[in-house]
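What follows is one chain in structure tokens, specifically the form predicted on its own.
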């Protein structure tokens, strides 16, 4: 009889991803844990920074105007899969697809606080010691966790990569909403408060928040 492996992580159900409010989902992803297990090696990080992209009506979204290309087609899938794209030909950026089929909402994970598998993360990123740059910024998140464009379309309820809830709660007072980073091209939509961070967390990217 094959032994049953009990995971210490509670995977988020598909119902979490398939809701209509991508901004709410982006905020609620704070404190959740990304888990990857590639080649038998598990690495995890707690999400501390996200950005919401509100689909066809959002000028900052890759799917603005319902733009469907080989790259963006996965955004039109049912929520609960990964959208990983290459930025500047270098960085693999991990996004969470949300909402229902043909509504291309997504949440970019911009920063995590490393938890399990830090030694492997250091190897993947070429760093010698742990500091805040290890998983600060979306490119570093994917590099440290071993996420690549080949993982785009992968289910987030599988065993190789998923997002989990361990009961950790980010207090409302610790959450800040700001404008997104690097979307100046989006005109008025660049001003939307669709970026969420955990205040004072050293792994959060961008400029220090002025209170």
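Residue numbers count along the first chain shown, from 1. Predicted model only: the values in this text are computed from it and were never measured.
Absent from the display: the form predicted in complex with the DNA. The rest refers to it.
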Choose from 40-48, 65-73, 159-167, 23-31 the stretch whose residues reach within 4.5 Å of the DNA in the predicted bound form, heavy atoms counted. 65-73
Looking in the predicted bound form, any heavy atom of residue 90 within 4.5 Å of the DNA? yes
Would you check, heavy atoms only and a 4.5 Å threshold, whether residue 130 touches the DNA in the predicted bound form? no
Interface membership of residue 124, the DNA in the predicted bound form, 4.5 Å heavy atom rule: no
Looking in the predicted bound form, any heavy atom of residue 183 within 4.5 Å of the DNA? yes
Neighbours of the DNA in the predicted bound form among 102-138 [non-hydrogen atom within 4.5 angstroms]: 108, 110, 127, 136, 137, 138
